[in-house]
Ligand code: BES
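First, one chain by itself in structure tokens, the form predicted on its own.
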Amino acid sequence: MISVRVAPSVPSSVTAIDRPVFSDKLAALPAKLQSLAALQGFDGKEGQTLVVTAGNGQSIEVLVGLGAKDKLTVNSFRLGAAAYSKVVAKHENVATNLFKAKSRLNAEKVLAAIVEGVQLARYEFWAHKSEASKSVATKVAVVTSYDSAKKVVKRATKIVEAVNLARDLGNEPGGTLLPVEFVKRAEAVAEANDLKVTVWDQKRIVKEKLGGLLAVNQGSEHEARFLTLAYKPAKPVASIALVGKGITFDSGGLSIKSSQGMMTMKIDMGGGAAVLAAMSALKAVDAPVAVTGYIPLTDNMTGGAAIRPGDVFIARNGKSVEVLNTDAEGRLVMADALSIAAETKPDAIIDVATLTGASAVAVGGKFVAVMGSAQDVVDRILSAGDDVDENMWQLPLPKEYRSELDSPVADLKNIGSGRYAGASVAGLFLQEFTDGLPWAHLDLGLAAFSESASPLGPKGATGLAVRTIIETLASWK
């Protein structure tokens, strides 16, 4: 409900304008504003705002804090723009002067951050609400004469659209976003963004021996699907496989979750949503790599045919797996998808999944845990996360814990033997299906869904990691 354009000066039609303020430069404000700021406790902290009403009572000026000038970062502008965007939510036409305060920071990154901030902060999921619940469609004019501004705004807007696509999918109820519906939406996204799409139905999945996907799907009334998406530039510098977990709802299977534990399990396809969303932006950002995305899709339910603790299945790569906990199902469908990805011998495999609660125990609900077999691939992801200000944190993948997955009746079991290092043990399980290829794993944990609003969005699906994945692929050399 918000759009961004570029303007060389403040348009006459706007009813709101901002004034960037540094916390260590408050003395530069007019005396009247200094007094008002002191009275209202505004001190220019990052993301802080103060509304000043104009004489006509209709237009407003908003002081936007950017923090100390000598500690200014690109993210200061993202957070400042986000805060401003929320303040002017009832205005149809507004302008922002934030870009003028960029100091010595990279102009393109600052402008992109402003676009991301104003748009991400105003995301709404109103698919199941009445028309009356929609907010005002705000138009934001970024005041700048920067030569490449229009191009930067267009690129940044496409990235925001990708994040919001992941949010939309993650917020959709599990009873609505069944595998067939996910595929339908993915096909529309693929058509709009020049992606090649392939869909395997239940019969084809059986034929292709996707034992993990079929095992999880046993308890469902709805058929599984396996979705493949492909993007290829004219002269790719590398081939990358993206694998995303697509559990459209997770009850835990026969190892059933509590009612509280199920409340947000519509987000368990967050990895698949992130893969689809990131791929939707690859053409727009001129990503130089060929990318194939693999998304195994099913819900995890408790029907009479559901897989039982102690059952064994054969995965796509021929390895047998003893299932001791049916709530550790994501790694089962990922095993097949990783195996298929590995068969194509890409230069690297990157997977993303809401895989474990243990990752949140390790890094909290605002960070994504990263691990892998190839440090250079992990480093690319960590660097991209830093560039776009998304929180990535590397966890170890210690070979000493591999024995945790030993099974007396199969090649391996789907959970570890002890209480500890659950995220790393899950990563070691996934590694068994990568055929020794360079590989990195992003465990979204609890970061895919926020129980409260954040500076960059409301409660619900966050779309976290989408911008990092896009930047990783766009900057690949």
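Computed from a predicted structure; not experimentally measured. Residue positions are given as counts along the sequence shown, with the first one as 1.
Unshown form predicted together with the ligand; subsequent notes refer to it.
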105-113, 204-212, 350-358, 157-165: which one contacts the ligand in the predicted complex at 4.5 Å, heavy atom to heavy atom?
350-358
Which residue, Arg331, Arg78, Arg122, Arg225, has a heavy atom that falls within 4.5 Å of the ligand in the predicted complex?
Arg331
Of Glu404, Asp389, Asp327, Glu181, which one comes within 4.5 Å of the ligand in the predicted complex, counting heavy atoms only?
Asp327
Are Met265, Asp268 and Leu446 jointly within 4.5 Å of the ligand in the predicted complex, each by at least one heavy atom?
yes
Though only this chain appears here, would Ile415 touch the ligand in the predicted complex if you measure heavy atom gaps against 4.5 Å?
yes
Using the partner position in the predicted complex, report whether Lys366 sits within 4.5 Å of the ligand, counting heavy atoms only.
no
With the cut-off set at 4.5 Å between non-hydrogen atoms, does Lys257 touch the ligand in the predicted complex?
yes
Residue-level contact is defined here as any heavy atom of the residue lying within 4.5 Å of the ligand in the predicted complex; does Asp336 satisfy this criterion?
no
